[in-house]
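First comes one chain, alone, set out as structure tokens in the form predicted alone.
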């Protein structure tokens, strides 16, 4: 199937799905040519306005990855992920998650990260891989072998350059600028400089209509953290009022610093629970100000709430207070730790319905409702599980006698007391062949009073249950 649109004189292919591309159909091809190549080709009229609206919605959805996202018509999205990649496990992990989520929604996409928007655009569309991370400082080499069409030049300019023998970006970058400017104007030189990073290219971030946000501009540029702190207070007053009016609390806030050079700096904070308590949110934002480079000055600041949740009032000990007014409690502490050390640095252990110890626990958010599942009170588990279990050398009698001694990290431990065995069998519904697996666990104490949790793999009778090796699984 293809999408067709008029270029003013004829109908051309605007887009093609994978099946059409495999048959040789390409965007820009005339519709008559495409139908001659593939009789019975399914054709849908292009809806440019609808496509633009959908692209803007997708750019707004990408705010989950970065506070600076923008649509790049007709089929691209800009994301400035400066400082955001560590929150998602790195640049490659961020792109992989983005492409996976888009694929689940039925959208086929390619993505690239580079030092400049122009280089990322070129590698994403003309590179070899659907997911590419260009190492810092190597963007010039990464685009040198790409075709000149990767520079976002008009089709007629690309055709004229190829007639002159310029097939690759590297060839064009090495050519004298004067003749190029005289023949093609400043656009070719501008695109080369933008891709190389010699000319800054600003991204104008998208703001969804439903997002609570507030912006303040200044007569004179601001440079100091003290001035930024005062503006933060003003912005939060307006934003928290908007949240209260909508009955919501912020779970994520983005503070944007619009510099006089046209670039935008940003900081992002998150909360463990919905909050509109301005002093608490201001404290979180101020703690991140040290990461902001004001450059020659900041001429405007904008505070956004890309993620909010319902937050109602609740009865406190004295009077009717906002739902999160006691922000000095555990939620505030969790917010401060996570915004300093990163998401996932604070969590709770929750029970999972599984007899296998390493599967019986899961990390859940520090704030929120815990699952109803609990561990059996008669089968205590170690405070610390080793992942994976450590192999140890054990002296013990078979089949059911406890260990007499074991060696771990080149140190021999003589057992003074032991309790067990506790037999745990495999979970056949998880993996084929696991139903025969057997572990016999022993809680032991050595002569120095240290306690360990050991298990033997196998029952000592049937070889299919395990190889009789011993492992240290936890510290009691």
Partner chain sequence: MQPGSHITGLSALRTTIARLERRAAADRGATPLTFGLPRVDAALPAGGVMPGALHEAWGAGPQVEHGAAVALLAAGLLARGPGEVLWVLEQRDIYPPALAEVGLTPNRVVYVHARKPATVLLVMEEGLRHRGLAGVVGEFSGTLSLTASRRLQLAAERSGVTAFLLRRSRCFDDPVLREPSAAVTRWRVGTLPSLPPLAHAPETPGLGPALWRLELIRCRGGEAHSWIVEAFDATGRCRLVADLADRPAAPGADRPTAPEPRRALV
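The term rigid core refers to the maximal set of C-alpha atoms that superpose within 1.5 Å between the two forms. These figures come from a predicted structure and were not determined experimentally. Positions refer to the first chain, counted from 1.
The form predicted in complex with its partner chain is left out here; the points below concern that form.
**Student:** Quick one: of 427, 47, 445, 422, which gets a non-hydrogen atom within 4.5 angstroms of its partner chain in the predicted complex?
**Tutor:** None of the other options qualify; the answer is 445.
**Student:** 378, 388, 136, 105: which sits within 4.5 Å of its partner chain in the predicted complex by any heavy atom?
**Tutor:** The residue in contact is 378.
**Student:** What stretch, of 52 to 60, 446 to 454, 39 to 47, 26 to 34, brings heavy atoms to within 4.5 Å of its partner chain in the predicted complex?
**Tutor:** Going by heavy atoms within 4.5 Å, the stretch is 446 to 454.
**Student:** Judged by heavy atoms and a 4.5 Å cut-off, are 344, 348 and 360 together in contact with its partner chain in the predicted complex?
**Tutor:** Checked in the predicted complex: all three residues contact its partner chain.
**Student:** Is there a heavy atom of residue 110 lying 4.5 Å or less from a heavy atom of its partner chain in the predicted complex?
**Tutor:** Residue 110: no contact with its partner chain in the predicted complex.
**Student:** Please determine whether residue 418 contacts its partner chain in the predicted complex, using a 4.5 Å cut-off between heavy atoms.
**Tutor:** Yes, residue 418 sits close enough to its partner chain in the predicted complex that at least one of its heavy atoms falls within 4.5 Å.
**Student:** Check residue 214 for me: does it contact its partner chain in the predicted complex (non-hydrogen atoms, 4.5 angstroms)?
**Tutor:** Close contact is absent here: in the predicted complex, residue 214 is far from its partner chain, nothing within 4.5 Å, heavy atoms only.
**Student:** Quick one: does residue 410 come within 4.5 Å of its partner chain in the predicted complex, counting heavy atoms only?
**Tutor:** Contact check for residue 410: no, nothing within 4.5 Å of its partner chain in the predicted complex.
**Student:** Taking the rigid core as reference, does residue 450 move its C-alpha 2 Å or further between the shown form and the other one?
**Tutor:** Passes the 2 Å threshold, so yes.
**Student:** Honestly, after the rigid core fit, is residue 86 moving at least 2 Å at Cα between the shown form and the other one?
**Tutor:** For residue 86, whose C-alpha is compared between the shown form and the other one after core superposition, the shift is 2 Å or more.
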